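This document opens with one chain alone, in structure tokens, the form predicted on its own.
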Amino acid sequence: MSIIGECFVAFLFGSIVGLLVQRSRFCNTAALRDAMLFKTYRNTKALLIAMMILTIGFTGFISIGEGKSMRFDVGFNQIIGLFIFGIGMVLAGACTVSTWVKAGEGNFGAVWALLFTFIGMFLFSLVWSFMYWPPAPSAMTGEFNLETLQLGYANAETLQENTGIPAIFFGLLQFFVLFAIYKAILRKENKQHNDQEINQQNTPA
């Protein structure tokens, strides 16, 4: 496919996803926040379904040699970064995806959140370039390095190369784990619904 074709497909796919996110009000933050604080699972179920579809599709392409996965080291620095990012999502009241949608709808708070996201990424790039923190040249080589708390590459493509097992196998394992969580949520919702019906029947008219 030519560059123009790839750009057109990316634009078309992004437009469809953007429309779906805007109409469904989907948000990664809400998927976790609502489940933990309000015991509602609408966004949580949507997130799990999306992850199941992406897992099978992504690992399937890798298995037939068509996947172009990004390789990056996983280590303690990712854990710290994800924790800080999670705090930022909670303070902003939305994930990056829904922040883009809210900004497009004219939400001024979301525009500020995006602005400081860009500023933070720019400042991080300066720290990475000039200070090399964490020590990238010596530690982030794709190999396990306990001294620098780096786990190396950790994705389905790497597992396929190291074990000879097709990536789709690992994708299916993750799929069934996600599906089990999804079924557990459905059982919990059914139990909540049944309890509400029983309470309504026992409530005096």
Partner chain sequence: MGLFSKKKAADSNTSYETELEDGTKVEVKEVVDCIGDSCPRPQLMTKAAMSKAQSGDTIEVKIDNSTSVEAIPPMMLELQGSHLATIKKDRYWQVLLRKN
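Note that this is a predicted model, so its numbers are computed, not measured. Positions refer to the first chain, counted from 1.
What follows is about the form predicted in complex with the partner chain, which we do not show.
- Though the partner is left out of this view, residue 176 does not reach within 4.5 Å of the partner chain in the model of the complex, counting heavy atoms only.
- Residue 196 belongs to the set of residues with a heavy atom inside 4.5 Å of the partner chain in the model of the complex.
- With a 4.5 Å cutoff on heavy atoms, residue 107 counts as touching the partner chain in the model of the complex.
- Although the partner is absent from this view, residue 37 contacts the partner chain in the model of the complex, with a non-hydrogen atom inside 4.5 angstroms.
- For the candidate set 85, 112, 76, 124, a heavy atom within 4.5 Å of the partner chain in the model of the complex is found for exactly one residue, namely 112.
- Contact with the partner chain in the model of the complex, judged as any non-hydrogen atom within 4.5 angstroms, is confined among 176-184, 29-37, 158-166, 54-62 to 29-37.
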